[in-house]
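In structure tokens, one chain follows: the form predicted on its own.
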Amino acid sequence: MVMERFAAYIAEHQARLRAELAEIVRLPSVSAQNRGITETATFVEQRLRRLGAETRLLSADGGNPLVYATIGNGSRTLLIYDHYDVQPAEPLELWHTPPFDLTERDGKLYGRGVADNKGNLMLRIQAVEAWLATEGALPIRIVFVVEGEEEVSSKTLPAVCRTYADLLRADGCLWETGGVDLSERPVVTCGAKGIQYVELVARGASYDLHSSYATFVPNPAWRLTWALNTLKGPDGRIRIPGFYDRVRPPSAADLAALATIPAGDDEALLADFGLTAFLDNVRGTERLRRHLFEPTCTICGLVSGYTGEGSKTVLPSEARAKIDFRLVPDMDPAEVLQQLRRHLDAEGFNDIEIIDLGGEHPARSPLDATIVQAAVASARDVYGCEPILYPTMAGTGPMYPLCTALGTPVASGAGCGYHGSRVHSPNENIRLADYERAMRWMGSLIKHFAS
């Protein structure tokens, strides 16, 4: 499905399109730190208005504004979900260039949020611009939904979805993610894991003490260590009673799709991660099965006492751990939170505070849905090879309230990600060639979805 004028428009205007991307990366929209949110929402809304879309800002429960925009007409409605908020840039000293200055180096663009998710957001808007300039009127109705809380578990999005359900229903949803894998084949995913994120806090004395007092003063760092030790065993099993009760085994269709996913990248992944082996020496298809279909319990961060240079003999007054639980169908984040509280109490740790930092339900979409087939066919057109179809991604997003709960099938695609994007890490980046090719993927997806 050749779209030569469309591709030529992108090539002709690439400097301006890249400058637009630099503008939005320059806005430090860090939702965890409540920075740059209003300015970035305004930027996105104004850009969509210049595109010709009708826009409005939606919100609920005092949350960050969600940019809602509609453009085009047609018998089918495509909802495009992206987010304008980004992860914190810290640790700043590990960046080679300032994180909020989009920097080109060796065919790549570096900057916080350029891969997650401002690159995909902008290239999709710009692809619609290219369509209107070269193909004419859109053959479908497109609804852009661009939120500002994705990196903090989309706290108020479920309320927005309940309040504005009629505005958000669509025939298919293009999810925020998309790109190519290690073998440079495009990837299409049809679901997401859920999550429950918590912070555990152990407290001791009212202030840090000289470490000599450890003979008779409780140490919250040890207290928290012992509590953490009850959550997961050396065999990898999560020890919270009832945790696995709702886990839905992969279906026959899931396993059939799994069998088509290349799994020969073990050595490349090990080399990239700097490891000699994976957990339990798992490899190949079994590694993928675990990655896609099993829940997790991960210690994401630990802090207590003195961690600076040199020594300081101190008995800390507080210890904290941040933990995420990745969930699979049909697990419920609220139930996991309750199970965790009951488990800690039963193990004698009722003094450990649990701070709920947000949760998401897992979500899945039928593999034969129109949006999935359009994403696959358009990827095949643009990349000249068969895309890899994943029943779900191992990561998380608010797919359940926006899509599953409203009956909207969903697929990823038309994105510029690749394995080396370093999402959430210092030196986050995309490749220039991927950015421009993903715009062509988006154009082809519009055509396939319409037909």
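All of these numbers come straight from a predicted model, not from anything done at the bench. By rigid core we mean the largest C-alpha set that fits within 1.5 Å across both forms. Don't overthink the numbering: it's just position in the shown sequence, from 1.
Absent from the display: the form predicted in complex with a further copy of the same chain. The rest refers to it.
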Among 32-40, 409-417, 57-65, 393-401, which stretch has residues whose heavy atoms lie within 4.5 Å of a further copy of the same chain in the predicted complex? 393-401
With the partner left out of view, is Tyr306 within 4.5 angstroms of a further copy of the same chain in the predicted complex by any non-hydrogen atom? yes
With a cut-off of 4.5 Å between heavy atoms, is Val336 one of the residues that contacts a further copy of the same chain in the predicted complex? no
Would Arg162 count as a contact of a further copy of the same chain in the predicted complex, using a 4.5 angstroms cut-off between non-hydrogen atoms? no
Gly204: heavy atom within 4.5 Å of a further copy of the same chain in the predicted complex? yes
Please tell me whether the candidate spot formed by Lys193, Pro218 and Thr313 is one where all three residues come within 4.5 Å of a further copy of the same chain in the predicted complex (heavy atoms). yes
Heavy atom within 4.5 Å of a further copy of the same chain in the predicted complex, from candidates Thr225, Thr134, Ser183, Thr285, belongs to Thr225
Heavy atom within 4.5 Å of a further copy of the same chain in the predicted complex, from candidates Lys108, His343, His291, Arg141, belongs to His291
So, superposing on the core, is the move of Gln196 at the CA at least 2 angstroms between this form and the one not shown? yes
Checking Gly74 here: with the core superposed, does its CA move 2 Å or more between this form and the one not shown? no
Is it true that Leu92 shifts between this form and the one not shown by 2 Å or more at the Cα, once the core is aligned? no
